[in-house]
Ligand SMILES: NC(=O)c1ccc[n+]([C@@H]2O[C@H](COP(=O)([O-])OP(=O)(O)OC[C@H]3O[C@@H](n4cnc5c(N)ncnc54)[C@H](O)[C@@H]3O)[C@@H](O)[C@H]2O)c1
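To begin, one chain is listed below as structure tokens, in the form predicted alone.
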Amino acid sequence: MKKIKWCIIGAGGIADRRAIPALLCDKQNEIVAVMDKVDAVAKQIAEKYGVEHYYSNAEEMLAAVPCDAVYIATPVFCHYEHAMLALKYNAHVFMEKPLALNYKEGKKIVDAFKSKNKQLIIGYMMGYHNLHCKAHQLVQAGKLGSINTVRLQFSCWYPEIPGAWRQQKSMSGGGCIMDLAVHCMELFYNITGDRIAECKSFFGNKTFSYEVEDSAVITFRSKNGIYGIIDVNFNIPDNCSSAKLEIYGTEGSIYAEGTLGQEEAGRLKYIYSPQGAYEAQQNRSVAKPQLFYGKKGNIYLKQFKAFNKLILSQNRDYTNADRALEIQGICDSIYNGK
């Protein structure tokens, strides 16, 4: 079995909490070096996971330690620089979302990787959740009839934190839209196979005073005529919202709760109940659903396995990167009021 040698750029945060443990679950992966701009963090992460080399400078690491792939988990304003740097050293890249600060920057990244025939994947891991896969299967098999409406609700509590890069527009590109709504958009694409054609939104700061938005409601129409709603917040307490995905069709519905997140958790209710004749009195009772549950798998591990398969097979698939770029363009249009 060929080992895939990984370098990590941005070893703290999500890399430490999720990505590095997931990579090390698969014996096919070998982490050969880690980098963080804070040298003490890089050293601590290297010692924690038994990695020989650690650095505080990304180019110094890539010049000194050969690798097959680079995982990038730095703040969004660093994505362009670090992706292009990895490409300079002939590496495939797995980078956390969102793709870039804006569409123009993101397109340069995607075009560069295509021109060099190097794989680029953006970390939209929620599509690997078993319940989102089940939703995809049901929709694609026509088990809901024709889809009419979709709603995705996602939130977290993110108070003012001194120095937090996500709360600074120049570093993050935006707030709950760039951090949370992009996941919702990608899930809509993933599950329905459709694309967002037009959207309108309200967003702003209702609770906190940092530079980026803490609340947003996005309404959209898809290319195939589905109407959708995405509502995302940084100002709802974590224990007051479980994150929801709702899909309604002419013959059935899906209601998933607790599935939008970093773990394969939650529950999905599927109802198949074609209407038949018009019921003038509206004496309704909700049909008994089929219930499906999160399998507690590692969605980060699943996405890395899919990435590894692509780079080892020599097949390049830019569907994910193109979708991430399209989502970036939607975010730009929202922020620019178009």
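Note that this is a predicted model, so its numbers are computed, not measured. One-based numbering along the sequence shown.
Note that the form predicted together with this ligand isn't included here; everything after this is about it.
- Using a 4.5 angstroms threshold between heavy atoms, residue 41 counts as touching this ligand in the predicted complex.
- Heavy atoms of residue 73 reach within 4.5 Å of this ligand in the predicted complex, making it an interface residue.
- The closest heavy atom approach of residue 123 to this ligand in the predicted complex falls within 4.5 Å.
- Remark: residue 173 does not count among the residues lining this ligand in the predicted complex, judged by a heavy atom distance of 4.5 Å or less.
- Note on contacts: among 244, 166, 118, 134, the single residue with a heavy atom within 4.5 Å of this ligand in the predicted complex is 166.
- Each of 12, 35 and 97 places at least one heavy atom within 4.5 Å of this ligand in the predicted complex.
- Residue heavy atoms within 4.5 Å of this ligand in the predicted complex occur in exactly one stretch of 176-184, 134-142, 225-233, 201-209, and that stretch is 176-184.
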